[in-house]
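The same protein chain appears twice below, in two forms, each given on its own as structure tokens and labelled structure 1 and structure 2.
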Structure 1
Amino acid sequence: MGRFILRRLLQGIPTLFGVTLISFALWRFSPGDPVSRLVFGAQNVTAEEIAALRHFYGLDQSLPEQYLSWLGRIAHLDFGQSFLYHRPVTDMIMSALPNTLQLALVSLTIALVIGIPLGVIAARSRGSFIDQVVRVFGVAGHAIPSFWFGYLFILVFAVQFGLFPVGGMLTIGKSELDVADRLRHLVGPAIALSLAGIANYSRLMRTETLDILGQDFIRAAQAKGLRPRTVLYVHALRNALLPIITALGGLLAVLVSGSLVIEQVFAWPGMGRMIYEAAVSKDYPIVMAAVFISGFLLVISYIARDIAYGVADPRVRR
């Protein structure tokens, strides 16, 4: 297993390098200049001052020099200084990333805890009313945009009934250790972000469970007189989970990047809002830091998926 994990780690390095290289080139060749945006509207700005700003941020270097310089700083976990906020990007990431990871992990947990059992129940009750409800929910979960559901949640549960706050992560004046208040703020964005995952996993789990239940080894287990619950939850479920494990690859990075819209809707102070403002302002250091972190999470997610797949199916290790 150790060599298996090491091999996956080494394979992830070129992937991460390629993601950062392509993103760096795309942002540099895209229209717009961050220095022009910084001095926009300022009066009496001379060309020498603009050149000094470009030199200060390293934008007067060639693209290969800028990329190699950026890689050198990344090796020391230094993402540079934000053009927009004039703060070290590392400090900004450290304050925003935990909030986004909290939202992403809770949403992933909700999607798995609800979606997988729904799929198993639908497969066990194939053709019944419960099966039809789960299938309709699966279609609706994919069709409903997450941001629309977020606004609907705010309108109904926050504005009309006052059960949950409209947005934010903590009520002003509340202690940061107030777990109940944090959970009330987390319910809305977590459900909105997990809606598509619940629909996807329920549909996938139903399909895979029905496929496994029709195979020969399941019929052999039934012929031995095993109880239906044992056949379903011991023999069928483990094999049906293998495609779910495959679908989980890269999902953490997708949730982190996909939380941009939800964080805007619920005013959640995470990476999504920061990335959006940085992209609009051509704030290269923040955007590249976000790309690097998303790529790193993508690689880690795929490695975790491969490890889990190797545990569930030992043949994969060979």
Structure 2
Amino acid sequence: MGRFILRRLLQGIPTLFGVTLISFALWRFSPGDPVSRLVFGAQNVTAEEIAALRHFYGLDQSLPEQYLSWLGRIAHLDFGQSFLYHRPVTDMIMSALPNTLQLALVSLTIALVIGIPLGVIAARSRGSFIDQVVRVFGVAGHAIPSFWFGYLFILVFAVQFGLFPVGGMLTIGKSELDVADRLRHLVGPAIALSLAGIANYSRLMRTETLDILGQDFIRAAQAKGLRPRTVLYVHALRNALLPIITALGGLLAVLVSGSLVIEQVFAWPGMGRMIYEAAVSKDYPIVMAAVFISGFLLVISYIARDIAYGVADPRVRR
């Protein structure tokens, strides 16, 4: 097991270097000079000032030098200054990340708590009305874009009935610690975001449970005289949950950027919105940091997933 973990960790190293290289290349090879963009529109900028700015951002060095010094800085979490806001990127990420995490964790919990039981129930009573409903929802919830749910929610619950706010995280003027107000703002985006998850997990669980229920060891368990409930919840469920681990593998990436569209619909001040605005206004320090952090988290989460798989299924370790 130790060797398996070690090998998997070592395999992650070249990938991580690739991630940093691409983050860097995206910035340096994108059209337009960063400094001319920075001073765009400003008057009375002398050549010396431009040279000083180039020096300040390290742009007067050779590309490999720039890359190495950038690597050195991100090693202690210094992502530089935002071009647009002139604030340290690390600070900006630290203020946006909790908002995204809050939204992502709530919607993920909703998706898992509702999706997994739905899939199991559908598989247990295969062909029944409930099963049909779950199947149709499993396809529809996955196919219909989340912003369509978001807009419908805003239209019905925020505009028509005024039950929930149209967007944002807090009502202006209310206390930061007003939990009820925060929850009211969270309902819309969390529901819109979790519907696709519910659809995905219920579909996955249904297929897996049916697959497992058809296998020999289940028949053996039934033949042994175990209660159907024990067979389903102890023997089948444990095995059927394995693919959910795979589905969770890509989750960290979603935590960082995936809820971007929903954040835009509900004006949620999270990472997705920040990254989007940075990309559009070519605020590269933020973009690079975002690309690096999400790439890093994804690589880590794939390694973690493989290790979790190795723990759950000894055959994978070879």
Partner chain sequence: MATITASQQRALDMNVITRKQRSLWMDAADRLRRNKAAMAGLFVILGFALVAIFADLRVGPLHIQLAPYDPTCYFYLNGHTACGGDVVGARSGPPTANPFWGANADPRFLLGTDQIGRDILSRLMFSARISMVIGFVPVVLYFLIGGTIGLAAGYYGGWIDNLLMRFTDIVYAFPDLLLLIIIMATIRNTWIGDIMGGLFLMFIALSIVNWVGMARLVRGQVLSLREKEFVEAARSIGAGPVRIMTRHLLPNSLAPVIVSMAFSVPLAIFAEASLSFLGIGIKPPTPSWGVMINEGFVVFTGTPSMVLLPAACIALVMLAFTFLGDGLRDALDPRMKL
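Since we're looking at a predicted model, the values are computed, not measured. Numbers follow structure 1, counted from its first residue as 1. Under this definition, the rigid core comprises the largest set of C-alpha atoms superposing within 1.5 Å between the forms.
- As for origin, structure 2 is the form predicted together with its partner chain and structure 1 is not.
- Checking 70, 49, 207, 135 against the motion between the two structures, you find the hinge between the rigid parts at 70.
- Rigid-body analysis on C-alpha atoms gives a rotation of 8° for the smaller part relative to the larger between the two structures.
- After superposition on the rigid core, the Cα atom of residue 60 is displaced by 4.0 Å between the two structures.
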